[in-house]
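One chain comes next, on its own, written as structure tokens: the form predicted alone.
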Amino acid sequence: MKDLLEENLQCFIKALLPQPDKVLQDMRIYAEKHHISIVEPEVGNLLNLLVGLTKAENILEIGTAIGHSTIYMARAMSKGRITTIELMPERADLAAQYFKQAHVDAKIHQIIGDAREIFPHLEETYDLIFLDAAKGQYENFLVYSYDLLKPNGLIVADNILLNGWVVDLNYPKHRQKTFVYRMRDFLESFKVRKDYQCSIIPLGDGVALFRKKERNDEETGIVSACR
């Protein structure tokens, strides 16, 4: 479990979720055994809900891993397609097997490669973009995403609180300092930036929702009480 929320609260939230089927259970067991990061069940449930609410028909996912989050989203789609990008071929191959087991493979288009190189060449527009790749690249991904998102399109980004390190700056290793501060500066920037409206949800390791703001959007005028 992540250190972001108290363990008893995390357990309570997980206990309220629907029981995952065998495919999702097998994926979590495999991910834990092989130390592969996948979304927490409560985050997967949130993704499923958001896709259903937005009725997203064209989704872009950055960071397939073994396809855990992809399946949560695909199961909420009545029609449409998810394009999912994964850097590591062996993980993409395993994800393809899980997609077939979950009977969602027809909804999914896989791309293998570095998202930083692929992103600038994408030409489709998307209702929803899910970011779960290199955390230090989130700012670049959002810049690329603006023109790829449909009006009022939504971006969901996972792991934005980095085990709570961006809150208390108590990261365990010195080499983690750069990306922790980079993420904190990235989140702080949404106090003033004009391109996206942001809200943070303390589920799993922290989830951020970014709504694309159109050029003529008015400012909300809301000022934070926290200093």
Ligand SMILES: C[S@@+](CC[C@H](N)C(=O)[O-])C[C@H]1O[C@@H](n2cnc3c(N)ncnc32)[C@H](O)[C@@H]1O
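In case it trips you up, residue 1 is the first one in the sequence shown, and so on. None of the values given here were measured: they were computed from a predicted structure.
FYI, the form predicted together with the named molecule isn't displayed, but the following is about it.
Novice: Taking the partner as it appears in the predicted bound form, which of 180 to 188, 160 to 168, 195 to 203, 34 to 42 has residues with heavy atoms within 4.5 Å of the named molecule?
Specialist: Selected stretch: 34 to 42.
Novice: How about L128 - does it come within 4.5 Å of the named molecule in the predicted bound form, if we only consider non-hydrogen atoms?
Specialist: Judged by the heavy-atom cut-off of 4.5 Å, L128 is well away from the named molecule in the predicted bound form.
Novice: May I ask you to state whether K150 is within 4.5 Å of the named molecule in the predicted bound form, using heavy atom distances?
Specialist: K150 lies outside the contact set for the named molecule.
Novice: Is there a heavy atom of L87 no more than 4.5 Å from a heavy atom of the named molecule in the predicted bound form?
Specialist: Yes, L87 lies within 4.5 Å of the named molecule in the predicted bound form.
Novice: Please tell me whether any heavy atom belonging to L46 falls inside 4.5 Å of a heavy atom of the named molecule, as the geometry stands in the predicted bound form.
Specialist: Output for L46 is no: heavy atoms all beyond 4.5 Å of the named molecule.
Novice: May I ask whether T64, R91 and A115 all come within 4.5 angstroms of the named molecule in the predicted bound form, judged by heavy atoms?
Specialist: Heavy-atom distance to the named molecule in the predicted bound form: all three under 4.5 Å.
Novice: Just one of A76, A134, L122, A96 has a heavy atom within 4.5 Å of the named molecule in the predicted bound form. Which one?
Specialist: After the contact test, the surviving option is A134.
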